[in-house]
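Okay, so here's just one chain, in structure tokens, the form predicted alone.
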Amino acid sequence: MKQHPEVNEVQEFLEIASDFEDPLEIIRESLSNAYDAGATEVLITIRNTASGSDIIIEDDGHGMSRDDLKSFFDLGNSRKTDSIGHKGHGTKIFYKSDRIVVDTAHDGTNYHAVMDRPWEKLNNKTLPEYEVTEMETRPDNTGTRIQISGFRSGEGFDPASLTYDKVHHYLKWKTIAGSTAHYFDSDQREMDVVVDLDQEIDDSRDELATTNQLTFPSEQLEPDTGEFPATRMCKHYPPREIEFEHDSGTSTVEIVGMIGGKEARNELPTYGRHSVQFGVWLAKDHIKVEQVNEVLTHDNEFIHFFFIANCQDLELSANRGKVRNKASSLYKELKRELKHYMTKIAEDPWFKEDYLETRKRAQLRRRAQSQTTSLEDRLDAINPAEPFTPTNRTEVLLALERSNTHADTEITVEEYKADHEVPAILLEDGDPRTSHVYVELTTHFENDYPLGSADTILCWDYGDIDVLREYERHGYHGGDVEIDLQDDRIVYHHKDRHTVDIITVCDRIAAQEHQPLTSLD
């Protein structure tokens, strides 16, 4: 006996609704539905209430018929074809609420639909129901109003965290308000989008007004005359439709984009980290879905590019966050076409010879300016009236060479390897001496280096003598240590006796300047 597999309807609704984690996706879904309904104006209102968020979406579209309304509430019964939303998943995010009320006027009839406590019922393993009442209305009275009350925003979302800027950037990156379709269809309908946030959420302005079109920063093919002339350079690459073949047939990709410097890119909206959102985007319904920066050759930084490649034959994951059919021949051929196209863009003489060369020259100039400034700062810091004091080991060696001018004993640096534990080999009256090198003698003990690994410790001065006396009292590496500053030596007793000479460069210089030696006790 043949049997059909069964579906747990409640669990399926619950899973789909839960899969939409970002409550702003309500806006994404609503804008797409409003556009499909022929709307020219959409108003989205978000209010913060004690029991959750109230979200109201109103549009002036042609409204929903009885069958459209059924598809709105059903799962997997959308009346769309290949566009986003054809699986009927998106509106299920509305189920994460206390109440859904839909008023929609279509062809002389107003439908009033109410669904109470959908989220509570789903979590109690009950399929929520909705009730529809009909009233006659004027044939020219169209449009839809959806009110979602007590929306369960979920963990990590607080309506109070919304701002107009955040909503605006979301609209332009994640919804049809950031569509590039108008570059391919001059008759594409413009839709005004207005967002009104509760004063308690954001009182910085009365409302946000935008459209359903993403536009690039204005072109500027020539460099500026400023210090970094490439940063505002920008070139548009006109819309291009490319057909490509794959195992399932033929598809079309629609590509449009720009190349621009930092200032030009800053004129674009931001969603997430601004520095990583550029490159090449795959899109469906001209809404950006996923980056494919690997189609750019390795010698080109993706950050210069912002291209949107729309293909209606892409299949998206249930939450629309990713492309689902990546294993298909279509996806592989699409990427191959994009790589070919982007390689030609990267060979554009304007990009290689004008923009990149201008940018490179500015970077070299900036680096030279930085080095000049650094040198000027170092020169300004030199005061011949102040005694020389080294700040690192190399300067200690430089001071040692200076001290030879009038010293009784000449000590020169024969070899220096900074990354070695014993970095220097000195020549004292022609005899080689292995040596540690420090600005202060105390550093040798603080760094925990052994005392038997070198003949000498070369330092500018002793550092804190009380610290050295502590090592004498408590011992070092299991042995006794005597730090004889009078005779400039360290005597270490541990099984054997080992003596390390101390060379203090500041005293050698003070001696030739006829200054008193450092007090040793």
Partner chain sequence: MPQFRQTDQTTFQVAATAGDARAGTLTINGQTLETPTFFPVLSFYGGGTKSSVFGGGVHRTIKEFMIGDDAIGGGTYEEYFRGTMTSVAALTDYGINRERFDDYTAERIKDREPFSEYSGLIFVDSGGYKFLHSDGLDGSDFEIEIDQREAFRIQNQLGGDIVVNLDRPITPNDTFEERQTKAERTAENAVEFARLTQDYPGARYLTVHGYNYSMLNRFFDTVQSQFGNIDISTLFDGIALGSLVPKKDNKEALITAVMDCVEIMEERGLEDLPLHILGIGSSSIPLLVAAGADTFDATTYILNAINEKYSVSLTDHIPLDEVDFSQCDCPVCSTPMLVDRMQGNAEYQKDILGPVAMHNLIIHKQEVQELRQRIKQHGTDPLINYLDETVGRRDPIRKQTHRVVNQSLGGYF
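Computed from a prediction, not measured in an experiment: that's the story for all the values here. Residue numbers count along the first chain shown, from 1.
A second form of this protein, the form predicted in complex with the partner chain, is not displayed here; the remarks below concern that form.
In the predicted bound form, none of the heavy atoms of E207 sits within 4.5 Å of a heavy atom of the partner chain. In the predicted bound form, the partner chain sits within 4.5 Å of a heavy atom belonging to I345. Using a 4.5 angstroms threshold between heavy atoms, R366 stays clear of the partner chain in the predicted bound form.
In the predicted bound form, no heavy atom of P432 sits within 4.5 Å of the partner chain. Distance criterion of 4.5 Å from any heavy atom to the partner chain in the predicted bound form singles out R240 from the list R145, R361, K262, R240.
Contact with the partner chain in the predicted bound form, defined as a heavy atom within 4.5 Å, holds for exactly one of E337, D285, E254, D202, namely E337. Looking at the partner chain in the predicted bound form, residues T297, Y341 and P349 each place a heavy atom within 4.5 Å of it. Partner proximity in the predicted bound form, defined as non-hydrogen atoms within 4.5 angstroms of the partner chain, places exactly one of 320 to 328, 231 to 239, 123 to 131, 110 to 118 at the interface: 231 to 239.
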